[in-house]
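To begin, one chain is listed below as structure tokens, in the form predicted alone.
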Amino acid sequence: MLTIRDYRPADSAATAEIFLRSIREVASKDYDPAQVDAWAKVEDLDAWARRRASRPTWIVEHDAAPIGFSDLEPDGHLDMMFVHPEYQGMGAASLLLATVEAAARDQGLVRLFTEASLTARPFFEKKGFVVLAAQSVEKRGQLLQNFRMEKSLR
């Protein structure tokens, strides 16, 4: 059974692990090893924790253990959404996105936008997001392709 709750400071290490494992074990099918190595880094856990706590962030749990997380910036930017590799396909990302969308609507936002990886693009398209542009972003000397996407909340 999946449940959702607000992020707590004690979730910092779990969210960092989910982020790293998602990239190394899931996104690695779409990005080469050098790109994965450049992307899958959390160099300062305190800075990571401050970033998670600086905006609404939600944790999805399975049997009371964190298995995914997502966030929402004040302008409607969904910055991060990651689900642990062992829990892919259970509906965790859908539950997170529904939570983000509800929060955005409660805040009066009319759209959500994100930069979806090659791996995440199909999920977001199935959930009503449209690609605005393909782009390359630099991470520690590596170029990674992603997609600026948005979804109208009207």
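Worth saying up front: this structure is predicted, and the values here are computed from it rather than measured. Heads up: residue numbers just count along the shown sequence, starting at 1.
There is another form of this protein, the form predicted together with a small molecule, and it is not shown here; the text below is about that form.
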{"query": "Non-hydrogen atom within 4.5 Å of the small molecule in the predicted bound form for each of Val83, Ala92 and Ala120", "finding": "yes"}
{"query": "Contact residue in the predicted bound form, chosen from Val42, Val26, Ala103, Ala53 - any heavy atom within 4.5 Å of the small molecule", "finding": "Val26"}
{"query": "Partner-contacting position among Ile59, Ala49, Ala38, Ala116 - heavy atom within 4.5 Å of the small molecule in the predicted bound form", "finding": "Ala116"}
{"query": "Distance check, Gln107 to the small molecule in the predicted bound form, heavy atom within 4.5 Å", "finding": "no"}
{"query": "Contact label in the predicted bound form: Ser12 to the small molecule, heavy atom within 4.5 Å", "finding": "no"}
{"query": "is_contact(Arg111, the small molecule) in the predicted bound form, heavy atom dist at most 4.5 Å", "finding": "no"}
